[in-house]
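Single chain ahead, written as C-alpha coordinates, the form predicted alone.
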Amino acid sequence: MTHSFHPSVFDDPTLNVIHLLNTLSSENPEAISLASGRPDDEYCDPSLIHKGLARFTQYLADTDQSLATTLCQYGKTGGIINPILARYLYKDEDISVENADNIVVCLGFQEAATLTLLSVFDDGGVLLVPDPVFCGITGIAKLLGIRVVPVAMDIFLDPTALRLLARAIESAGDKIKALYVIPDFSNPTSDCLGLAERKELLALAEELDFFILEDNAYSYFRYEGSKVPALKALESRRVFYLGSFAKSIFPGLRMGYVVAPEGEGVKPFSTQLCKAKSLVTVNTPALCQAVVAGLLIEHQYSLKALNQPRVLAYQQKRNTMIDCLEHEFPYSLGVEQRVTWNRPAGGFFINVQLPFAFGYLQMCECANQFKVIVFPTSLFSLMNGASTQVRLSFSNASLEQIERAVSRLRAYVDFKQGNRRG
(Lines give C-alpha, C1' and ligand atoms only; values in the text may rest on other atoms or scores of the structure.)
Protein backbone atom coordinates (compact mmCIF):
# COMPACT_ATOMS: atom_id res chain seq x y z
CA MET A 1 0.00 0.00 0.00
CA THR A 2 1.44 3.37 -1.05
CA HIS A 3 1.16 6.32 1.25
CA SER A 4 1.37 9.78 -0.24
CA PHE A 5 3.58 12.29 1.57
CA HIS A 6 2.02 15.56 2.62
CA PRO A 7 4.45 18.19 3.92
CA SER A 8 3.62 19.45 7.39
CA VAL A 9 4.23 22.82 8.97
CA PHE A 10 7.38 21.34 10.51
CA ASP A 11 8.88 20.95 7.04
CA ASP A 12 8.78 24.72 6.57
CA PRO A 13 12.40 26.00 6.36
CA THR A 14 11.47 28.94 8.58
CA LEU A 15 11.27 26.56 11.53
CA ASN A 16 14.81 25.26 10.95
CA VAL A 17 16.76 28.53 11.08
CA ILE A 18 17.25 28.83 14.85
CA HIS A 19 18.16 25.14 15.07
CA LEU A 20 20.62 25.63 12.22
CA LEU A 21 22.18 28.62 13.97
CA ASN A 22 22.64 26.55 17.13
CA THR A 23 24.17 23.50 15.42
CA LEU A 24 26.53 25.03 12.85
CA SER A 25 29.42 25.48 15.27
CA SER A 26 29.18 21.97 16.72
CA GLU A 27 29.29 20.52 13.21
CA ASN A 28 32.35 22.63 12.34
CA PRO A 29 34.41 22.82 15.56
CA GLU A 30 37.52 24.18 13.80
CA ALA A 31 35.65 27.03 12.15
CA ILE A 32 35.30 30.54 13.55
CA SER A 33 31.63 31.42 13.77
CA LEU A 34 30.24 34.81 12.85
CA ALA A 35 26.80 33.26 12.49
CA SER A 36 25.18 33.33 15.91
CA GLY A 37 23.84 36.47 17.54
CA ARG A 38 24.73 35.24 21.04
CA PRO A 39 25.90 37.77 23.60
CA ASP A 40 29.58 37.69 24.52
CA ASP A 41 30.35 34.74 26.84
CA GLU A 42 32.60 37.05 28.87
CA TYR A 43 29.55 38.93 30.13
CA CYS A 44 27.53 35.86 31.05
CA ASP A 45 28.45 36.31 34.70
CA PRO A 46 27.13 33.60 37.08
CA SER A 47 27.78 35.88 40.06
CA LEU A 48 24.79 37.96 38.89
CA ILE A 49 22.56 35.03 39.89
CA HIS A 50 23.71 35.16 43.51
CA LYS A 51 23.69 38.96 43.64
CA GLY A 52 20.19 39.23 42.22
CA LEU A 53 18.74 36.49 44.41
CA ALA A 54 20.36 37.91 47.56
CA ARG A 55 19.03 41.39 46.84
CA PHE A 56 15.52 40.10 46.14
CA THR A 57 15.60 38.07 49.37
CA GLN A 58 16.49 41.25 51.23
CA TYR A 59 13.67 43.08 49.44
CA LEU A 60 11.14 40.42 50.48
CA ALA A 61 12.28 40.62 54.10
CA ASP A 62 10.82 44.13 54.25
CA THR A 63 7.39 42.83 53.20
CA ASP A 64 4.91 40.37 54.64
CA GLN A 65 5.58 37.88 51.82
CA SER A 66 7.03 34.46 52.59
CA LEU A 67 10.32 33.74 50.87
CA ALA A 68 9.55 30.01 50.68
CA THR A 69 6.10 30.55 49.19
CA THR A 70 7.30 33.24 46.76
CA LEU A 71 10.25 31.28 45.39
CA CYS A 72 9.14 27.66 45.73
CA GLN A 73 5.41 27.64 45.04
CA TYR A 74 3.40 28.17 41.89
CA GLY A 75 3.25 31.91 41.38
CA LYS A 76 0.85 34.29 39.70
CA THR A 77 0.49 33.46 36.03
CA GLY A 78 1.26 37.02 34.97
CA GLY A 79 4.36 37.32 37.14
CA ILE A 80 5.47 38.28 40.64
CA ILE A 81 7.77 41.23 39.82
CA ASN A 82 5.49 43.34 37.61
CA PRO A 83 5.65 46.61 39.61
CA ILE A 84 9.45 46.39 39.59
CA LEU A 85 9.42 45.91 35.81
CA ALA A 86 7.11 48.91 35.46
CA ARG A 87 9.61 51.12 37.32
CA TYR A 88 12.44 49.75 35.19
CA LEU A 89 10.58 50.43 31.92
CA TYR A 90 9.90 54.01 32.96
CA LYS A 91 13.48 54.68 33.98
CA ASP A 92 15.28 53.05 31.03
CA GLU A 93 12.74 53.39 28.19
CA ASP A 94 10.49 56.23 29.31
CA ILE A 95 7.53 53.86 29.00
CA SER A 96 4.72 54.63 31.44
CA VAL A 97 2.77 51.54 32.48
CA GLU A 98 -0.58 52.55 33.95
CA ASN A 99 -1.36 49.14 35.43
CA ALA A 100 1.44 46.67 36.25
CA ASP A 101 -1.01 43.81 35.61
CA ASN A 102 -0.75 44.70 31.92
CA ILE A 103 2.79 43.31 32.07
CA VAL A 104 2.96 39.54 31.65
CA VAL A 105 6.29 37.97 32.61
CA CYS A 106 7.36 35.27 30.13
CA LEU A 107 9.95 32.63 29.36
CA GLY A 108 12.01 34.82 27.05
CA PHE A 109 10.98 36.67 23.91
CA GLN A 110 9.66 33.54 22.21
CA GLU A 111 6.91 32.97 24.76
CA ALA A 112 6.08 36.67 24.85
CA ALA A 113 5.62 36.61 21.08
CA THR A 114 3.62 33.37 21.19
CA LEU A 115 1.18 34.67 23.80
CA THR A 116 0.78 37.95 21.92
CA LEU A 117 0.07 36.26 18.60
CA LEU A 118 -2.43 33.90 20.25
CA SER A 119 -4.23 36.89 21.79
CA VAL A 120 -4.27 39.12 18.71
CA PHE A 121 -5.04 36.48 16.10
CA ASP A 122 -7.86 34.68 17.86
CA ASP A 123 -10.12 35.23 14.85
CA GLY A 124 -7.83 35.30 11.80
CA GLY A 125 -6.13 38.17 10.05
CA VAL A 126 -2.76 39.05 8.54
CA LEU A 127 0.60 39.66 10.21
CA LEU A 128 2.90 42.07 8.37
CA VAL A 129 6.65 41.56 8.80
CA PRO A 130 9.66 43.27 7.23
CA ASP A 131 11.70 41.06 4.92
CA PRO A 132 14.26 39.78 5.72
CA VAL A 133 13.19 39.32 9.34
CA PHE A 134 14.12 37.46 12.51
CA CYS A 135 12.76 33.95 12.08
CA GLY A 136 11.51 33.59 15.65
CA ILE A 137 8.36 35.60 14.98
CA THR A 138 7.63 34.05 11.58
CA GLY A 139 8.25 30.54 12.87
CA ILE A 140 5.75 31.00 15.70
CA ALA A 141 3.21 32.47 13.28
CA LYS A 142 3.61 29.47 10.97
CA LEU A 143 3.07 27.05 13.88
CA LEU A 144 -0.09 28.92 14.88
CA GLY A 145 -1.45 28.97 11.32
CA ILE A 146 -1.31 32.76 11.07
CA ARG A 147 -1.02 34.24 7.61
CA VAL A 148 2.24 36.19 7.29
CA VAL A 149 2.70 38.82 4.59
CA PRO A 150 6.35 39.85 4.13
CA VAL A 151 7.15 43.44 3.15
CA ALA A 152 10.43 44.20 1.37
CA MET A 153 12.67 46.19 3.71
CA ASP A 154 12.94 49.21 1.42
CA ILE A 155 9.13 49.48 1.44
CA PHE A 156 8.90 48.77 5.17
CA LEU A 157 11.26 51.65 5.96
CA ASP A 158 9.39 54.09 3.69
CA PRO A 159 6.18 55.31 5.40
CA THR A 160 4.53 56.36 2.13
CA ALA A 161 5.27 53.06 0.38
CA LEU A 162 4.21 51.05 3.44
CA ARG A 163 0.92 52.93 3.68
CA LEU A 164 0.15 52.25 0.00
CA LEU A 165 0.93 48.55 0.40
CA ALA A 166 -1.11 48.21 3.60
CA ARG A 167 -4.10 49.88 2.00
CA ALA A 168 -3.79 47.61 -1.03
CA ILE A 169 -3.76 44.53 1.22
CA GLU A 170 -6.90 45.66 3.01
CA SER A 171 -8.60 46.66 -0.26
CA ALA A 172 -8.01 43.10 -1.47
CA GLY A 173 -10.09 41.84 1.47
CA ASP A 174 -7.37 40.88 3.97
CA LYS A 175 -7.53 42.42 7.43
CA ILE A 176 -4.16 43.44 8.89
CA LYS A 177 -4.28 42.55 12.58
CA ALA A 178 -0.68 43.31 13.52
CA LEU A 179 2.73 44.41 12.29
CA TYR A 180 6.03 43.19 13.75
CA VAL A 181 9.01 45.52 13.97
CA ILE A 182 12.47 45.71 15.54
CA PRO A 183 12.83 49.51 15.43
CA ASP A 184 16.43 49.58 16.68
CA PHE A 185 19.12 47.64 14.77
CA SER A 186 16.91 44.93 13.34
CA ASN A 187 17.91 41.30 13.01
CA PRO A 188 19.37 40.44 10.48
CA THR A 189 20.05 43.71 8.63
CA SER A 190 20.53 46.24 11.48
CA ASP A 191 18.09 48.71 9.92
CA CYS A 192 16.47 51.36 12.14
CA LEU A 193 13.32 53.43 12.16
CA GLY A 194 13.83 57.15 12.78
CA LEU A 195 11.51 59.20 14.96
CA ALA A 196 9.45 60.44 11.99
CA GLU A 197 9.04 56.90 10.66
CA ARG A 198 7.92 55.66 14.08
CA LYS A 199 5.27 58.34 14.34
CA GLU A 200 4.08 57.53 10.81
CA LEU A 201 3.86 53.84 11.70
CA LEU A 202 1.77 54.60 14.78
CA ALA A 203 -0.51 56.80 12.69
CA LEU A 204 -0.94 54.01 10.13
CA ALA A 205 -1.80 51.52 12.89
CA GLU A 206 -4.48 53.90 14.15
CA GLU A 207 -5.79 54.57 10.66
CA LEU A 208 -6.10 50.90 9.66
CA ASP A 209 -6.86 49.61 13.17
CA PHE A 210 -4.01 47.16 13.73
CA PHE A 211 -1.50 46.52 16.51
CA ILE A 212 2.27 46.90 16.47
CA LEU A 213 4.42 44.17 18.01
CA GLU A 214 7.57 46.03 19.08
CA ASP A 215 10.68 43.90 19.68
CA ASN A 216 13.29 45.98 21.48
CA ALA A 217 16.11 43.45 21.93
CA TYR A 218 18.98 45.78 21.00
CA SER A 219 17.86 49.01 22.65
CA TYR A 220 20.89 49.24 24.97
CA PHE A 221 23.42 48.60 22.24
CA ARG A 222 23.70 51.93 20.46
CA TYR A 223 27.26 52.95 19.61
CA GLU A 224 26.66 56.34 18.05
CA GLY A 225 23.87 58.87 17.69
CA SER A 226 21.04 59.71 20.07
CA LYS A 227 18.51 57.24 21.42
CA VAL A 228 15.16 57.29 19.61
CA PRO A 229 12.06 56.77 21.79
CA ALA A 230 10.44 53.36 21.70
CA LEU A 231 7.13 53.17 19.86
CA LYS A 232 5.55 52.17 23.17
CA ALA A 233 6.90 55.37 24.76
CA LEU A 234 5.35 57.46 21.98
CA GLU A 235 1.92 55.80 22.02
CA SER A 236 0.80 52.83 24.11
CA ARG A 237 -2.69 52.22 22.68
CA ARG A 238 -1.53 50.32 19.59
CA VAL A 239 1.67 48.70 20.85
CA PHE A 240 2.50 45.35 22.40
CA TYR A 241 6.01 45.80 23.78
CA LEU A 242 8.01 42.57 23.70
CA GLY A 243 11.03 42.66 26.00
CA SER A 244 13.77 40.28 27.03
CA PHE A 245 16.77 40.17 29.36
CA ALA A 246 18.72 37.77 27.13
CA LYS A 247 21.06 40.47 25.85
CA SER A 248 20.98 42.89 28.79
CA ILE A 249 21.61 40.28 31.55
CA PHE A 250 22.15 36.85 29.97
CA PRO A 251 20.14 34.34 27.86
CA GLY A 252 20.21 31.48 30.37
CA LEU A 253 17.65 33.26 32.55
CA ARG A 254 15.03 32.80 29.79
CA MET A 255 13.32 35.91 31.06
CA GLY A 256 11.12 38.15 28.96
CA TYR A 257 7.84 39.98 29.16
CA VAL A 258 5.07 41.57 27.13
CA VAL A 259 3.42 44.88 27.95
CA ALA A 260 -0.12 44.98 26.56
CA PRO A 261 -1.65 48.09 24.96
CA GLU A 262 -3.03 50.66 27.39
CA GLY A 263 -5.20 53.74 27.06
CA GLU A 264 -8.76 54.95 26.76
CA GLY A 265 -11.00 52.57 24.86
CA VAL A 266 -8.29 49.89 24.53
CA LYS A 267 -9.38 46.27 24.80
CA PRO A 268 -7.80 44.68 27.90
CA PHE A 269 -5.46 41.94 26.71
CA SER A 270 -3.82 40.89 29.97
CA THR A 271 -6.55 38.34 30.74
CA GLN A 272 -6.16 36.69 27.33
CA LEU A 273 -2.38 36.68 27.64
CA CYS A 274 -2.58 35.05 31.06
CA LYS A 275 -5.16 32.48 29.98
CA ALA A 276 -2.87 31.42 27.14
CA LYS A 277 0.19 31.37 29.41
CA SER A 278 -1.60 29.28 32.05
CA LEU A 279 -2.00 26.53 29.46
CA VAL A 280 1.46 26.85 27.91
CA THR A 281 3.88 27.26 30.84
CA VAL A 282 1.61 27.89 33.89
CA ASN A 283 3.95 30.60 35.18
CA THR A 284 7.50 31.88 34.75
CA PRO A 285 9.99 30.37 37.25
CA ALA A 286 10.06 32.52 40.38
CA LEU A 287 13.81 32.02 40.80
CA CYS A 288 14.49 33.63 37.42
CA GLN A 289 12.13 36.48 38.20
CA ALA A 290 13.83 36.98 41.57
CA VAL A 291 17.27 37.27 39.98
CA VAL A 292 16.06 39.91 37.51
CA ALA A 293 14.12 41.84 40.13
CA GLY A 294 17.03 41.80 42.57
CA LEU A 295 19.42 43.13 39.94
CA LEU A 296 16.98 45.87 38.97
CA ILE A 297 16.53 46.93 42.60
CA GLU A 298 20.29 46.82 43.19
CA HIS A 299 20.89 49.07 40.15
CA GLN A 300 18.12 51.58 40.96
CA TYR A 301 15.73 50.04 38.42
CA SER A 302 18.09 50.57 35.47
CA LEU A 303 20.37 48.27 33.47
CA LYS A 304 22.28 51.04 31.72
CA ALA A 305 25.31 50.97 34.03
CA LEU A 306 25.43 47.16 34.03
CA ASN A 307 25.49 47.16 30.23
CA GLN A 308 27.93 50.01 29.68
CA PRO A 309 31.02 47.73 29.59
CA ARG A 310 29.23 45.50 27.09
CA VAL A 311 28.32 48.47 24.92
CA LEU A 312 31.96 49.58 24.79
CA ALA A 313 33.15 46.04 24.02
CA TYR A 314 30.60 45.52 21.25
CA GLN A 315 31.41 48.91 19.78
CA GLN A 316 35.07 47.96 19.58
CA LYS A 317 34.14 44.67 17.93
CA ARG A 318 31.94 46.44 15.38
CA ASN A 319 34.73 48.89 14.59
CA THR A 320 37.25 46.07 14.25
CA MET A 321 34.99 44.14 11.88
CA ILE A 322 34.46 47.22 9.70
CA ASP A 323 38.22 47.90 9.67
CA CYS A 324 38.86 44.30 8.63
CA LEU A 325 36.26 44.46 5.87
CA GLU A 326 37.80 47.67 4.57
CA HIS A 327 41.24 46.05 4.59
CA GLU A 328 40.22 42.76 2.99
CA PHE A 329 37.75 44.18 0.46
CA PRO A 330 39.13 47.50 -0.80
CA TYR A 331 36.71 49.67 -2.72
CA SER A 332 39.17 49.84 -5.63
CA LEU A 333 38.00 46.41 -6.79
CA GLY A 334 35.85 46.42 -9.93
CA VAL A 335 32.09 46.63 -9.62
CA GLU A 336 31.61 42.95 -10.47
CA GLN A 337 34.01 41.90 -7.72
CA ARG A 338 33.00 44.46 -5.11
CA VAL A 339 31.92 43.50 -1.60
CA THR A 340 29.96 46.14 0.31
CA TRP A 341 28.44 46.39 3.77
CA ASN A 342 26.42 48.67 6.02
CA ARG A 343 27.75 50.53 9.07
CA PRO A 344 25.10 50.01 11.77
CA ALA A 345 24.92 52.52 14.60
CA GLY A 346 24.24 49.67 17.02
CA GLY A 347 23.14 46.08 17.42
CA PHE A 348 25.08 42.86 16.89
CA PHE A 349 25.23 42.50 13.10
CA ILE A 350 26.76 43.81 9.89
CA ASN A 351 25.03 42.90 6.64
CA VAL A 352 27.41 42.22 3.76
CA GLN A 353 26.59 42.27 0.05
CA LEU A 354 28.59 39.73 -1.99
CA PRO A 355 29.07 39.68 -5.78
CA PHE A 356 27.52 36.20 -6.01
CA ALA A 357 24.65 34.21 -4.53
CA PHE A 358 25.27 32.85 -1.02
CA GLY A 359 22.86 30.28 0.38
CA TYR A 360 22.89 27.13 2.48
CA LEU A 361 25.29 25.21 0.22
CA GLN A 362 27.74 28.13 0.08
CA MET A 363 27.55 28.45 3.87
CA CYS A 364 28.53 24.79 4.26
CA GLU A 365 31.29 25.11 1.65
CA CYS A 366 32.70 28.17 3.37
CA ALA A 367 32.60 26.48 6.78
CA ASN A 368 34.07 23.16 5.64
CA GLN A 369 36.81 24.42 3.34
CA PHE A 370 37.65 27.88 4.70
CA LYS A 371 36.82 27.40 8.39
CA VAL A 372 34.57 30.40 8.84
CA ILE A 373 30.82 30.28 9.41
CA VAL A 374 28.75 33.16 8.09
CA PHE A 375 24.98 33.07 7.81
CA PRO A 376 23.04 33.71 4.60
CA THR A 377 20.64 36.63 5.04
CA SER A 378 18.40 34.85 2.53
CA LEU A 379 17.50 32.25 5.18
CA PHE A 380 15.67 35.06 7.00
CA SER A 381 13.69 36.00 3.88
CA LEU A 382 10.17 34.79 3.07
CA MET A 383 10.37 36.42 -0.38
CA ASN A 384 13.43 34.51 -1.60
CA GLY A 385 15.28 37.80 -1.38
CA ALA A 386 18.69 38.88 -0.10
CA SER A 387 20.25 36.06 -2.13
CA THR A 388 23.69 37.70 -2.24
CA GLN A 389 23.80 38.92 1.36
CA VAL A 390 25.36 37.46 4.52
CA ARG A 391 24.85 38.45 8.14
CA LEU A 392 28.07 38.79 10.11
CA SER A 393 27.70 38.77 13.89
CA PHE A 394 30.48 40.29 15.98
CA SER A 395 28.87 39.90 19.40
CA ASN A 396 30.38 36.58 20.49
CA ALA A 397 33.74 36.63 18.68
CA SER A 398 37.01 37.99 20.03
CA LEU A 399 38.86 40.74 18.18
CA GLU A 400 41.43 38.20 17.01
CA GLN A 401 38.71 35.84 15.81
CA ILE A 402 37.04 38.67 13.89
CA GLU A 403 40.29 39.48 12.10
CA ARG A 404 40.96 35.84 11.18
CA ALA A 405 37.34 35.19 10.20
CA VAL A 406 37.11 38.16 7.83
CA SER A 407 40.44 37.13 6.28
CA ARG A 408 39.06 33.62 5.71
CA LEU A 409 35.90 35.08 4.23
CA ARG A 410 38.08 37.06 1.82
CA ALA A 411 39.82 33.81 0.83
CA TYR A 412 36.44 32.22 0.16
CA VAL A 413 35.29 35.18 -1.93
CA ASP A 414 38.53 35.02 -3.94
CA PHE A 415 37.95 31.30 -4.45
CA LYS A 416 34.42 31.87 -5.73
CA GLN A 417 35.53 34.76 -7.93
CA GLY A 418 38.32 32.64 -9.36
CA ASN A 419 35.84 29.87 -10.18
CA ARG A 420 33.53 32.39 -11.88
CA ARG A 421 36.35 33.85 -13.93
CA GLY A 422 37.64 30.38 -14.76
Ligand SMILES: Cc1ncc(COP(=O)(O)O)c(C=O)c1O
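Computed from a prediction, not measured in an experiment: that's the story for all the values here. Sequential numbering from 1, following the sequence displayed.
Form predicted together with this ligand: not shown, discussed below.
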Contact at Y223, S248 and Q315 by this ligand in the predicted bound form, all three, heavy atom at most 4.5 Å: no
Hey, in the predicted bound form, does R254 get a heavy atom within 4.5 angstroms of this ligand? yes
Although the partner isn't part of this model, could you tell me whether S190 comes within 4.5 Å of this ligand in the predicted bound form, counting any heavy atom of the residue? no
Contact test in the predicted bound form: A217 vs this ligand, heavy atoms, 4.5 Å: yes
Does any heavy atom of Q110 come within 4.5 Å of a heavy atom of this ligand in the predicted bound form? yes
May I ask you to choose, among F269, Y180, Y88, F156, the residue with a heavy atom within 4.5 Å of this ligand in the predicted bound form? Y180
Note: exactly one of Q289, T114, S244, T138 sits with a heavy atom within 4.5 Å of this ligand in the predicted bound form, namely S244
Option from 181 to 189, 139 to 147, 299 to 307, 281 to 289 whose residues, in the predicted bound form, bring a heavy atom within 4.5 Å of this ligand: 181 to 189
Stretch 133 to 157 - residues with a heavy atom within 4.5 Å of this ligand in the predicted bound form: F134
